[in-house]
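Shown here is one chain on its own, the form predicted alone, set out as structure tokens.
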């Protein structure tokens, strides 16, 4: 394995060297970095041209200039080098500075959208495979391909119009009319009916329940003014936590494993206690405090699961740790919700909390929770655009893979041995169904971190994609090469990760030198 990885890394360096040389020459031939200055009427035009020529070393031929850039780029990977030098833009800003800022914004955006697309898409694919040719299967297929076929720029504009402008207008007077409640109730009932079994009687019951629950919930939220002062509160956290505990145990251990169920319910109780104990501490929260508390929560969950024991301690430990982590997530979400009124009333926000452009509100100062909410509101729409566009591929690939696996001989053998359907699906089918998806996931992550160019342009999001487009328009060679270097390294690394993931998911696969 080590020999294989070393060989792949050496090959990657050679590929990057050759590809970067070609890209550098094409960039140098694509335009003139001095074009805007040559057309300028400024009295010091000649001095400006001379300064930019010296800054970009334009008097040196492009093939030789490439090796100067390569010498600076090599300092980024050589451990004992003093600095990382990827050149300067035509405005004089160091590429490393603009690249690090753009990478931070893009990784924040893409990581959220990709993780959600993978989790939701694979879950929908597996569920529709198990309910093949049902109303749910047809409904998910229709919606997936609808969003997949929509142009991303048009989808982004629709989200800005209805998800930002429309919702911000609603917040001026957060009153839900009866017609809206009726429409949402009918939509909720239809979704519940899709998830019900094939029996029309059960579908009808599910439709009525879904419609009634949605209508009552919206009526109560409107009655108490929840949209103006949102929050979860201990009751909602407790009820949601119990549901999470049952769901996690059902998927990971089965409800017959009472020790695992009791371990998860204990973590729900501890989470409710932590809601009151930790809240005062969270007033001075930082990102590192949240991470440390999350690690402590996982360790406590592992300890509770181990203490409860059972015929399989690992199941109890896993279920308790996951339940505790999600309970902590609910507490953090509740804390973010509580800051909503102070965020909306901030003079920088001006009562329009759902942002349509940018990665942050300029000049906004506040606590960890205010700044975190500001980041969330700016990420919401571009994340939704990327999520909806990516959902179809993950759901379709996972559905096809799951259908193929469920017809395998070893699945029939597992059922013939008397194993429960949960064990057959989760332990035998699910892991093998992930193998074809490893390549797709690795490729998408590597490509998206390179920049969701169209989405970033529509939302004026200062990420890798926008950095690349702006540099291309100005014929600015060094930022283009910085973008290429990051995107190329990520593409090669994630392809290597995909190959290694094969051997982890399937013991029959071995990577050799």
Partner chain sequence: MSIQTPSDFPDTDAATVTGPERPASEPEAKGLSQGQIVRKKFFDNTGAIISLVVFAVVFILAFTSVGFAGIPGWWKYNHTEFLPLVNGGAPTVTGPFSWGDHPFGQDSIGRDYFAMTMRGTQNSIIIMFIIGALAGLVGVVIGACSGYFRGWPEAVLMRFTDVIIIIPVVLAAATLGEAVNRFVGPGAQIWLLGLFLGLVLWTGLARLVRGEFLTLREREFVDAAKIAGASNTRIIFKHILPNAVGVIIVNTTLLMSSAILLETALSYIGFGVKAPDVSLGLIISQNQEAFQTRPWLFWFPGLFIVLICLCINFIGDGLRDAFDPRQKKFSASRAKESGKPAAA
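Since the structure is predicted, the reported quantities are computational estimates derived from the model, not experimental observations. Residue numbers count along the first chain shown, from 1. Superpose the two forms; the largest set of C-alphas matching within 1.5 Å is the rigid core.
Unshown form predicted in complex with its partner chain; subsequent notes refer to it.
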Wondering, does residue 200 line up within 4.5 Å of its partner chain in the model of the complex on heavy atoms?
no
Is residue 462 close enough to its partner chain in the model of the complex to count, meaning some heavy atom within 4.5 Å?
no
Tell me, yes or no, whether residue 30 is in contact with its partner chain in the model of the complex, where a contact means a heavy atom of each within 4.5 Å.
yes
Taking the shortest heavy atom distance, is residue 39 within 4.5 Å of its partner chain in the model of the complex?
no
Looking at 159 to 167, 264 to 272, 245 to 253, 203 to 211, which lies within 4.5 angstroms of its partner chain in the model of the complex, counting heavy atoms?
159 to 167
Counting any non-hydrogen atom inside 4.5 Å, which residue from 309, 280, 178, 151 sits next to its partner chain in the model of the complex?
151
Only one of 410, 288, 142, 276 gets a heavy atom within 4.5 Å of its partner chain in the model of the complex. Which one?
142
Assess the spot marked by 106, 339 and 445: is its partner chain within 4.5 Å of a heavy atom from every one of these residues in the model of the complex?
no
Using a 4.5 Å cut-off on heavy atoms, which residues of 15 to 42 contact its partner chain in the model of the complex?
15, 16, 19, 22, 23, 26, 27, 29, 30, 31
Does the distance between the two CA positions of residue 31 reach 2 Å or more between this form and the one not shown, the core being superposed?
yes
